[in-house]
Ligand SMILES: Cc1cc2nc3c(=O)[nH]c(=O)nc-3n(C[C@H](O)[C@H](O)[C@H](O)COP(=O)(O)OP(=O)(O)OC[C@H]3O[C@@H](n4cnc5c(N)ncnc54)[C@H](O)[C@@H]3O)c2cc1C
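One chain follows as structure tokens, the form predicted alone.
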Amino acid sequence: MHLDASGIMPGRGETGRREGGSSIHTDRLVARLEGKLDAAAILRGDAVSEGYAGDASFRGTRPLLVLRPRDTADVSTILSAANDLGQPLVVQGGRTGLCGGAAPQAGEVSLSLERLSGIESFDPKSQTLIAGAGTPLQTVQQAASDAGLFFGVDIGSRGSATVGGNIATNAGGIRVLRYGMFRAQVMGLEAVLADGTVLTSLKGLPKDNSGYDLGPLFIGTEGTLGVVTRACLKLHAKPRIERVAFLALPSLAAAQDLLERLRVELFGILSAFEVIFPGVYEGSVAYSGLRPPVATGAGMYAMVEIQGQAPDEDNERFEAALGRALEDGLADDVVLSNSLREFNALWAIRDGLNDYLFSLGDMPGFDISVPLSRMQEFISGAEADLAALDPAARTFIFGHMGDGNLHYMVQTKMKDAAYEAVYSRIAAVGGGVSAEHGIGVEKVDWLQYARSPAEIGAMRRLKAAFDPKGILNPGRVFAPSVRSA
């Protein structure tokens, strides 16, 4: 993955500088909206900064018009007008996505939810809060912490990624093993349909079977069925102990066996299990100049985290489990954090892996989910296929092994063939082509490798029912040929 000076990957066939759309169409939309929105809600011409042209990995076209609603009512007004005019919209949050989902395409108007930000209410008894879609994830985390609670999702872009974007892509992160995907944190939400209809369900009830539960339809569907404006989020008890171990392991098989064991021995407190393959770990510590916590040369590296409520008991369980792993040969070396500074320092190694990988230049990158029982089969098969294509190809792998999510990058001159090789192997082992970043525009061609024709057909029928004119994020998830579906 190659990032240019602006931090955005140039789009395929795009210069990244041209403007998309027609001023005639945007003039008509603005005429419908003037007097109904405040002045800060409409950006045109030079007021549209280059940042609106893409997300963290993909540059589209700079939109002629950016609409910045203040609240749900504004979103409804905008969608109603756009739907009447057949004006396609791209929904934008923190623009930290990695699949081009928020990168405007030609003819699209940007609907930025950045002003729908803030914690609206907090209920300590039900351990929930209501946040606007434009609220950064880190703001939610801090609000929970200030109240003596904890929010279960954490990702590297926490300072910029927003609640709405996390819901749209069903974000994951490092603690899915303990708390689940973002879907598991959503107790209710408010969304606006393409025609401006507002659906509000923010009660936060753990049990409510009063008819259809419509909220889940908007989670993980990348803004193609409706625009989420507010969400009721679930919080958790704040851990009284957080501790992480960095381990050197003999092999991937040992890492899998250790994970299986720790799921039992550390039941209730195991919160993360990350793996870093040798090439990534050794290259990263050399690139950063950091002193490696464990010596290089091992067959695999892992980070294991616990979060618990009984410090003495949980510490004892953690140390005993790791000691047994060393005795039984599942681990060769282990370093444990003994302070907050050491805890953060060990996690900084994991968070810094991308700095090294980005330094290697433009590489095909994959966010894939693999059945744990078939992970070695996938890795061996993919490496053999890549070597046949390009003997000089190098792979770089790390990820959230606790939930089968690998970040898999390939240094090769045969980029297009590499995509085909890796995704074909994913299909062969029954994996997913997107574990936590969505499909966007980048993976449209590969969706068929993870979903059957019947499943994709059902998705298209949902799209047609909720957005018959195809104005919401057209070309995302599905091929452009079904944009009007």
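Numbers follow the displayed sequence, beginning with 1. Just so we're clear, the structure is a prediction, and the values are computed from it rather than from any experiment.
The form predicted in complex with the named molecule exists for this protein as well; it is not shown, and the discussion that follows is about that form.
- Residue contact check for G165: one or more of its heavy atoms lie within 4.5 Å of the named molecule in the model of the complex.
- Interface membership of I155, defined by any non-hydrogen atom within 4.5 Å of the named molecule in the model of the complex, is confirmed.
- Residue contact with the named molecule in the model of the complex: H437 places a heavy atom within 4.5 Å of it.
- Taking the partner from the other structure, the named molecule in the model of the complex has no heavy atom within 4.5 Å of any heavy atom of P104.
- Only one segment in the set 216 to 224, 232 to 240, 197 to 205, 302 to 310 has any non-hydrogen atom within 4.5 angstroms of the named molecule in the model of the complex, and it is 216 to 224.
- Here is the short version: of A82, L262, L113, A245, the single residue with a heavy atom within 4.5 Å of the named molecule in the model of the complex is L113.
- Only one of the listed residues (V91, I397, A382, V370) places a non-hydrogen atom within 4.5 angstroms of the named molecule in the model of the complex, and that residue is V91.
- Contacts with the named molecule in the model of the complex, taken as any heavy atom within 4.5 Å, map to no residue of 270 to 307.
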